[in-house]
Ligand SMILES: Nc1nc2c(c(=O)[nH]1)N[C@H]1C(S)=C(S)[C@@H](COP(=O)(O)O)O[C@H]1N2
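Shown next as structure tokens: one chain only, the form predicted on its own.
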Amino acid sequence: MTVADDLESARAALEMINPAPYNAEAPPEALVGDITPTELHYVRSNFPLPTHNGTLEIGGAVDRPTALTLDDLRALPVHHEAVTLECAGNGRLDMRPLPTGEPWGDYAVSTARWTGARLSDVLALARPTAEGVDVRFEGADRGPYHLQAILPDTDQDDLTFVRALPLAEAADPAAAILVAYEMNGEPLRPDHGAPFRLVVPHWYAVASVKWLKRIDVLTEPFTGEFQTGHYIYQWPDRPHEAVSLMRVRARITDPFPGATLPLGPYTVRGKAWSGNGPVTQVEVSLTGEGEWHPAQLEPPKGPFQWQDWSFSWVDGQVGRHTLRARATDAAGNVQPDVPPWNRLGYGNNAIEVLYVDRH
């Protein structure tokens, strides 16, 4: 079987939205289980699949510049984390007016079990100096950028994917950031960042740089097209903000939109997550302006993954019904009714509305 055949097989179950660079949503059934099977995990890329020389270089403001291979990473203490990753553009199609950017529906979110070395351990090998401020992460992917570059002097014909995190967070073991080399117990596949990638819990997935090639400790705050150009909230009436932590969100996974349900009791089920800590409450509404009813929220199975919730719907009558679900997180954030519109269409965590028919 050729590499192209392997890729086609790995992508067969996904809902492709762009063939080049390849971007695809998870199918609806991917949100049912605790862990998303690898073949159902959504894929987000800004450039075509790159080649990688198998080496991760660490430099910049460090006492000991270092180069690591996959075997070197495997020799470090092994950590496993179940992490929910959501594209910052998830739900863009629900915004009005429609923003620019990839036309993501509502299924650019998945949860996988990642295995790798802690970023804090990798950085410790290189010994960042006291002057360090940010940590820059460079992927091997590069090429023409399909959206207009925002920062001046940006070469749209040859752009590399680069992001950064504050050094204090990157070097903190409690942040549980991984340089991951396995996904769901298997070596990373090309679409998911082989041979190794970042996995940054709680942040929108743009921070989890794939095909990780180089890490540099910087002595000044980082600026770059994918940090301070794109992946920012460009508000119409207030200063721009960087895209960072995932916003609180609840999704209905059962029933599917437009389903026809039998009369009698029915259990509505879903998932909820937030980058600001665990979800503490999920509520369900059965009418457009009706009251909100508390759902049964399951405790987190891990600190960085979505939570299950359910609601017993006992009195549904014949006809069409609307279902809405909203979540509240530990920081007190509540889902809004209307998407928080911004020019590039990021961070849509508005309350989901779907309808079902009962006969």
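Being a predicted model, the structure only gives us computed values, none of them experimental. Residue numbers run from 1 along the displayed sequence.
What follows is about the form predicted together with the ligand, which we do not show.
Undergrad: Taking a heavy atom within 4.5 Å as contact, would all three of Arg44, His192 and Val209 count as contacting the ligand in the model of the complex?
TA: Each of the three qualifies.
Undergrad: Answer with one of Lys271, Arg118, Arg197, Arg247: the residue that has a non-hydrogen atom within 4.5 Å of the ligand in the model of the complex.
TA: Filtering the options by heavy-atom distance leaves Arg197.
Undergrad: By the heavy atom within 4.5 Å rule, which residue out of Pro201, Gly139, Gly91, Gly132 makes contact with the ligand in the model of the complex?
TA: The residue from Pro201, Gly139, Gly91, Gly132 that makes the contact is Gly139.
Undergrad: Is Cys87 close enough to touch the ligand in the model of the complex, meaning at least one heavy atom pair within 4.5 Å?
TA: Close contact exists here: in the model of the complex, Cys87 approaches the ligand to within 4.5 Å, heavy atoms only.
Undergrad: May I ask you to check whether Phe161 falls inside a 4.5 Å heavy atom distance of the ligand in the model of the complex?
TA: Within the cut-off, so yes.
Undergrad: Give a yes or no for Tyr231: in the model of the complex, does one of its heavy atoms lie within 4.5 Å of a heavy atom belonging to the ligand?
TA: So Tyr231 counts as contacting the ligand.
Undergrad: So, in the model of the complex, is Val179 in contact with the ligand at a 4.5 angstroms heavy atom limit?
TA: Looking in the model of the complex, residue contacts with the ligand do not include Val179, since no heavy atom lies within 4.5 Å.
Undergrad: Determine which one of 25 to 33, 320 to 328, 300 to 308, 44 to 52 lies within 4.5 Å of the ligand in the model of the complex, judging by heavy atom distances; exactly one does.
TA: Only one stretch passes the 4.5 Å heavy-atom test: 44 to 52.
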